[in-house]
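Okay, so here's just one chain, in structure tokens, the form predicted on its own.
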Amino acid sequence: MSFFREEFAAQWPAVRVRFGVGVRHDLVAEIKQLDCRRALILTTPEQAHVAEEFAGLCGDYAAGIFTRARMHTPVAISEEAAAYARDIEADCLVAIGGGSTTGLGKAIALRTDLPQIVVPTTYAGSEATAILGQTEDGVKTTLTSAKVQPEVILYDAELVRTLPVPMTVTSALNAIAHAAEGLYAQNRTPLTSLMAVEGMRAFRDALPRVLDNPDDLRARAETLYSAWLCGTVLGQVGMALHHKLCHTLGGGFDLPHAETHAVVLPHAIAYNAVAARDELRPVAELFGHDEPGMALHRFALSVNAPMALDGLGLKESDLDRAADLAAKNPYWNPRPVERDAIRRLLQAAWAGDPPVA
């Protein structure tokens, strides 16, 4: 199957990407290459010890540490972190972690224009994009700006070797969602479709090996490669219903980010396969079922992913409001976003039932 299109436009940001076991030890060289000397190191509270480790790696190039990154990037914390960056006269940012820390780094960069080095410890993929999602007053909004595109990404398999297996699974499915929706994006290109398929294929092959042996560095490195490919797709094309639903559930009901993506993905893909069957054929072929949504559902079951929004803290009484929010100001989608159909989708996702079109 060729991904040729008669018309398309592609523009790629200038991002330095390095892969390698132990590449984090070259951090000072990367800071110097940016002509910087005062790095602000960012993590979540749970990874504060990692911030200390990286401060040691940076030595005199570490200007400070901020360890209050939070899921969904609350604006109040971003403002506080940006003020701290100015106070310590930081000239670059080093974000170590998943989407929460990467999001904080982007939010600071938006406010300060500081260059960013991102060292991922999950498969979120947001490090490869110029997209920032921020939450304020219970509403999550997104923006795209060259100011938030990280300049350097360092992928070190040693940093994901200890990623707990449940988080490994949900983070990987979060990344697969970028690729799956990229296949039917309005502004997809042959290159983004090729990267989407390769990213999903690599996850399909490597993720079970990681689950068999979480210490397998080659398998971990391949999953990081997959995450980079899927994240790059996310950074190049527009997302649709799946991401709208997850932003609604995350920002409006404070559901965990990766787990929500993992649960919603098969349902959103099943919904859109009605209108984008040809575009989603690679998903069906890769994951071994004629129906793309069911193919992803079966793969999620095989890797012991969470299957129900009920288990993530969403109440059944919240489903009507969630459907209303999701149908309001929808993203472009290959199939019309109809409120009642979305309500049925959310009911199945809440209960953990197989996806229905």
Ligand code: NAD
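All residue numbers are counted from 1 along the displayed sequence. Fair warning: this is a prediction, and the values are worked out from it, not measured in the lab.
The same protein also exists as the form predicted together with this ligand; that form is not shown, yet it is the one meant from here on.
Contact between His72 and this ligand in the predicted complex is found at the 4.5 Å heavy atom cutoff. In the predicted complex, this ligand sits within 4.5 Å of a heavy atom of Leu163.
Contact check for Val94: no non-hydrogen atom falls within 4.5 Å of this ligand in the predicted complex.
In the predicted complex, Asp290 stays away from this ligand, with no heavy atom inside 4.5 Å.
The listed set Thr121, Gln236, Gln149, Ser193 contains one residue whose heavy atoms approach this ligand in the predicted complex to within 4.5 Å, identified as Thr121. Interface residue among Ile131, Ala82, Leu224, Ala206, judged by heavy atoms within 4.5 Å of this ligand in the predicted complex: Ile131. Considering this ligand in the predicted complex, the lone stretch of 46-54, 318-326, 305-313, 25-33 in range is 46-54 [heavy atom distance within 4.5 Å]. Although this ligand is omitted here, in the predicted complex none of Val139, His267 and Ile342 has a heavy atom within 4.5 Å of it. If you take 255-288 and check each residue for a heavy atom within 4.5 Å of this ligand in the predicted complex, you get His257, Ala258, in sequence order.
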